[in-house]
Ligand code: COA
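A single chain, nothing else alongside it, follows as structure tokens in the form predicted alone.
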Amino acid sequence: MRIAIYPGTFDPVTNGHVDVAKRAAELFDKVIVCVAVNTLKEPLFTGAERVKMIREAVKDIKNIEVEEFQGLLVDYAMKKNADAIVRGLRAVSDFEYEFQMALTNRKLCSHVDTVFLMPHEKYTYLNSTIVREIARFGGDVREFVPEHVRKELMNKARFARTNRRRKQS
């Protein structure tokens, strides 16, 4: 069985992430979408919330599992007997960082390959940071995320705006 790990912060999961996960599911027997706990980031959603949103977004794809993980990705990949790490590439600007990470991961664990997948071109400009910013200012994100994610995002954004107004008063 060929197993792939698709790691990310997914804060929130976007249509581009879902597209890459679907593409990976066509190439591998099992894909584990793993929500990374990144100590350098302060996510809007908790790990459990992100796992729940991703599970809902990929529920119709039978060979995708969703988990949360912390630590070195290659350690997690070895624990899961993964053959590959899947990374999405939106633009040339992503490539340099992803290339460095792939080479580092190969040095740490030579038998786990990195596979780069491009999302559909309609998602190449999209990332979670942009989506969060649009939502933060009350913009419409329905073109960028699954509907259940849009609702969760708008609730969080509305709560954050209310708290900001209270602090300013």
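Not measured: the values here are computed from a predicted model. Position 1 is the first residue in the sequence shown; the rest follow in order.
Unshown form predicted in complex with the ligand; subsequent notes refer to it.
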| property | result |
| --- | --- |
| Residue contact check: Lys80 to the ligand in the predicted complex, 4.5 Å heavy atom | no |
| The ligand contact in the predicted complex: Val20, any heavy atom under 4.5 Å | yes |
| Distance check, Ser110 to the ligand in the predicted complex, heavy atom within 4.5 Å | no |
| Asn105, heavy atom within 4.5 angstroms of the ligand in the predicted complex | yes |
| Listed residue (Val51, Ile61, Leu126, Ile134) with a non-hydrogen atom within 4.5 angstroms of the ligand in the predicted complex | Leu126 |
| Interface stretch in the predicted complex with the ligand - options 51-59, 38-46, 134-142, 25-33, non-hydrogen atom within 4.5 Å | 38-46 |
| Heavy atom within 4.5 Å of the ligand in the predicted complex - qualifying residues of 1-26 | Tyr6, Pro7, Gly8, Thr9, Phe10, Thr14, Gly16, His17, Val20 |
